[in-house]
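Only one chain is included here, represented as structure tokens and corresponding to the form predicted on its own.
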Amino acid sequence: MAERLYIFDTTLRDGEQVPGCQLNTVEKIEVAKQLEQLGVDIIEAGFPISSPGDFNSVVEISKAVTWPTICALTRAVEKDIDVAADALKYAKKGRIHTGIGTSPYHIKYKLNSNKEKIIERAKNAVAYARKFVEDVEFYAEDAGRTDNEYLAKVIEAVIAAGATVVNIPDTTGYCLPEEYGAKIKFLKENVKDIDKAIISTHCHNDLGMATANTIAGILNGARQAEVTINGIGERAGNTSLEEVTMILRSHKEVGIDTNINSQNIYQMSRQVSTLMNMPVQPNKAIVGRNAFAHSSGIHQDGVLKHRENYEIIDPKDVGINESSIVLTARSGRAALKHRLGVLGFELEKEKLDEVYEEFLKLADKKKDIKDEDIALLVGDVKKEDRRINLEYLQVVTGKGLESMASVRLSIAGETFESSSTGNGPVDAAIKAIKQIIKRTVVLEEFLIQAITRGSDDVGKVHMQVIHEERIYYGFGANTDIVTASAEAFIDALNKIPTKQ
């Protein structure tokens, strides 16, 4: 049976310190309830003395959440601890998280103190917090840059004073994974009664090593990880909950697991991103838009043959329905055929080859291809041989210029060319086509619509024309809206019966 790692989520405290990401109490309660559904063990709900809003949030979250421990942050100051204890009065399980800086930088430049006084303040804060709650966590701020022997003395003193959890923060994200892991190991081996407390990691991502340091700490004996959803937090952020969870699930040989319901991860990620107005970068591990996306033809073929060729996590395990086969100019026939199948199109090899050739032309113009684009390509290929086809279109237009269009049509195997000017490039193109077909056709309705957002996306055109008092509809789509308009007009013309 796997050993238990406790997940301490600080999205609502450290995560909320990101500029512009502040939540109101109602929003915090919403996140806290989702964190409970996710399965986190401890929710750090705020820093009560910092503001009335933070105090109220800790109070209300304590009322709203049932089984996770609710934690309130303090400094090693009695007034802070008094206020935190008051905020936690409704918590079913409450924890006070108190601490002080222990690195030479903090002792000298932040606290203007000395090592002996820091140990006294640390012991006194923990002992005072124990008067209110049985569960007291101590943080040694900037432990990452604290000498291991002095850090061990501090930790030993606070455990003797009643600390149940000892937090070893790499506050500045400075440590290398090997260094941080060795620090946890040193404490395990050199602190008296270390087994009476749980060692916790709290790593920042200033050098991009937060998750690596956290895992190194876990492998060396830490059994609580302090994390945030999407890795948000001060400066470059904190350790990501989803990364730690799925690393341990992927490496079962480690023999350590969490209580996290991983299938709720993606939904939780999107909720926090939306409420905090903090977009998730596309290449973010586990929850980024591209985390399970494949655009290379070689990778797509491999994933379609066997998912584990290129995916070590099943996307369903984190709440994502399926891998994303992103169609681009680098995609192969296998990816296109797969997407066609998903959309309900079964094409013979010859038709598939035709669609693929048209797909490559479109993919060279667009960054990526949407399902709507594919459906349009198939529609173009599957149309019966039309009597009238657009073979060539060129337009000249611009500010101060009269728009002119030149077209070449193939009608029942014969080629016809014409040119015309008009009130804009679309008008010029339609007039040139009319000169060739020599039919009285009135354009009754003309609608342009972008299929998706973006300047390189396909636009679709719907037309309604009248010929001899009958209405005919035409449809066209292209990255060039003038071409789409001409195709829509020709599509309508092809529906007009030929005279016998």
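From 1 onward, residues are counted along the sequence shown. This is a predicted model, so every value here is computed, not measured.
Form predicted in complex with 3-methyl-2-oxobutanoic acid: not shown, discussed below.
Undergrad: Look at the candidate spot formed by 178, 183 and 213 and say whether 3-methyl-2-oxobutanoic acid comes within 4.5 Å of a heavy atom in all three of them in the predicted bound form.
TA: None of them does, since no heavy atom lies within 4.5 Å of the partner.
Undergrad: Does 3-methyl-2-oxobutanoic acid get within 4.5 angstroms of any non-hydrogen atom of residue 169 in the predicted bound form?
TA: Taking the distances in the predicted bound form, the answer for residue 169 is yes, it comes within 4.5 Å of 3-methyl-2-oxobutanoic acid.
Undergrad: Using a 4.5 angstroms cut-off on non-hydrogen atoms, would residue 14 count as touching 3-methyl-2-oxobutanoic acid in the predicted bound form?
TA: So residue 14 counts as contacting 3-methyl-2-oxobutanoic acid.
Undergrad: Although 3-methyl-2-oxobutanoic acid is absent from this view, report whether residue 95 comes within 4.5 Å of it in the predicted bound form, heavy atoms only.
TA: Residue 95: no, not in contact with 3-methyl-2-oxobutanoic acid in the predicted bound form.
Undergrad: Is residue 359 part of the interface with 3-methyl-2-oxobutanoic acid in the predicted bound form - any heavy atom within 4.5 Å?
TA: Answer no; every heavy atom of residue 359 is more than 4.5 Å from 3-methyl-2-oxobutanoic acid in the predicted bound form.
Undergrad: Which one of these stretches, 139 to 147, 263 to 271, 419 to 427, 113 to 121, sits within 4.5 Å of 3-methyl-2-oxobutanoic acid in the predicted bound form when only heavy atoms are counted?
TA: Going through the listed ranges, the match is 139 to 147.
Undergrad: Tell me, out of 73, 318, 232, 355, which residue has a non-hydrogen atom within 4.5 angstroms of 3-methyl-2-oxobutanoic acid in the predicted bound form.
TA: Of the candidates 73, 318, 232, 355, 73 is the one lying within 4.5 Å of 3-methyl-2-oxobutanoic acid in the predicted bound form.
Undergrad: Would you give me the residues of 201 to 224 that have any heavy atom within 4.5 Å of 3-methyl-2-oxobutanoic acid in the predicted bound form, in order from first to last?
TA: Counting only heavy atoms within 4.5 Å of 3-methyl-2-oxobutanoic acid in the predicted bound form, the contacting residues of 201 to 224 are 202, 204.
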